[in-house]
Ligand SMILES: CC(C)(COP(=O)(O)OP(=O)(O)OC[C@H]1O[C@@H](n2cnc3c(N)ncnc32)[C@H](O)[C@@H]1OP(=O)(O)O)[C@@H](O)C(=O)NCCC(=O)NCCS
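Here you get one chain, nothing else, as structure tokens; it is the form predicted alone.
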């Protein structure tokens, strides 16, 4: 299938590499709202424009599919919806070195990067990112639009609700529940349930409550939870 990647930043380059390594789809190029990138080439693929060029790409180049390569969880989910409304089929990018159990279920618009491990009976929701070398152990449930960062480790029967962010190298012990849009700081060791929209950091992980402390939490994250203005305007 001929496909485009939505977002030509660093994560877009990673997704391109994963799709090329998998060899299942042809990537004809990128789309991105940053007008300065239009007409340029990123790793050999042209940046055609923003979402407004999709109909032309379908007609002229035979584009049928897309994958959204945007780090911000909410923005990624929104543009996945926009791609489907534009008549594009959402594809997955699963690196050949990733190890996924036969009985795991994987949604759409999912990225599973190099060296990631998904164990028996896991469920991975739409628009999730399982980044480089992460471990999702048996019977865990990863919600829509979740990002599990490089090297994070989830023990068995962990539930991570939609939109949550698990920072680089974080550890979540077995049978815990991470509420929707929660943020787990890099290197945190989570030993108890995390409330929805909470931010926890440290060993053992503790919740940050003040606005100032939440601003400082950016230092614990691999990819900011806030979209850049350029990415947020894709298709505007």
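Here the structure is a predicted model, which means the values were calculated and not measured. Numbering follows the first chain given and starts at 1.
There is also a form predicted together with the named molecule; it is not shown, and the following applies to it.
Proximity of 165, 168 and 209 to the named molecule in the predicted complex is complete: all three residues have a non-hydrogen atom within 4.5 angstroms. Contact with the named molecule in the predicted complex, judged as any non-hydrogen atom within 4.5 angstroms, is confined among 174-182, 30-38, 200-208, 55-63 to 200-208. This chain lacks the partner; the member of 51, 194, 47, 186 within 4.5 angstroms of the named molecule in the predicted complex by a non-hydrogen atom is 186. For the candidate set 116, 119, 75, 149, a heavy atom within 4.5 Å of the named molecule in the predicted complex is found for exactly one residue, namely 149.
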